[in-house]
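Below you will find one chain, with nothing else, as structure tokens; this is the form predicted alone, and questions on how it binds or moves follow later.
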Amino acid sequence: MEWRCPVCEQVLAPVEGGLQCVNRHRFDRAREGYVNLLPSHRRHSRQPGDSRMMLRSRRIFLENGYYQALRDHLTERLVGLAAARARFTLLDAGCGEGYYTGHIAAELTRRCADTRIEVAGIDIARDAARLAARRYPGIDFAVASSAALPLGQGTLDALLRVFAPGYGDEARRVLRAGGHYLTVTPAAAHLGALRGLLYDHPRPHEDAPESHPGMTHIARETLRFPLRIIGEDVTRLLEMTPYYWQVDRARQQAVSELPELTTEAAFHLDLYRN
């Protein structure tokens, strides 16, 4: 991926041990392989993004297959966008620990053999980039904010966002004309049984598609499937969501003590064209 300097916006070129722009702003590559392109003035806290606990719980939960249907559905959509192209450049914005990024990159490479595939991921949490880079060494990962992507204008063929904060103006800037923005957001019924245990009056998720001026909303799919979550994965599901920080300890404990939880996963996949 052709990263841009977050200080002066010039192209970052590989140098020994990291990346550097023509103005000699240098960014070292961590031992795990990622680079930190998040300037201190763009951090909203000392440790922005998901905590280490959230990331580790999510990694185990996802690798146990609960959201595999979503992963596979996203892969099919992106393979369809990449097919028959000479080149396909994709960024996963808010990639977390890399579960979706890693699988999608592998399948694009395998199934689109005549296409030059380039996949990268960014996350505002350094621990996320560290976990992702360690698990998927063939992919470029960086610490960066989705509000100020370290990429040039018209760089990407596709931008993916799964449950992460998004900024439509930034998406439009980095996408080529005709490029695609694929977002995943929770549908109204998502994890309804879990939310019913945590809140007296749980509110449904917002169901309307996001508005992104300058881009055309071309498709919406809703993916729904039952979930039977067993044992410690009930606690992991709670820990990987914002609900964990929003409810009191008694309700956290009550959910964590459940031997299993039956609920529903419900996602909206919205596709926009730049």
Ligand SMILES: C[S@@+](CC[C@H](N)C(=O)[O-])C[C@H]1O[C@@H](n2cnc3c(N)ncnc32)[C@H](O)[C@@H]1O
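Since the structure is predicted, the reported quantities are computational estimates derived from the model, not experimental observations. Note that residue numbering follows the sequence shown and begins at 1.
Heads up, the form predicted in complex with the ligand isn't pictured, but that's what we're talking about next.
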**Report entry** All of 50, 122 and 145 within 4.5 Å of the ligand in the predicted bound form, heavy atom check
**Finding:** yes
Which of 54 to 62, 29 to 37, 203 to 211, 218 to 226 lies within 4.5 Å of the ligand in the predicted bound form, heavy atoms considered? The stretch 54 to 62
Taking any heavy atom pair closer than or equal to 4.5 Å as contact, tell me whether residue 94 reaches the ligand in the predicted bound form. yes
Is there a heavy atom of residue 165 lying 4.5 Å or less from a heavy atom of the ligand in the predicted bound form? yes
Q | in the predicted bound form, residue 100 touching the ligand (heavy atom, 4.5 Å) | A | yes
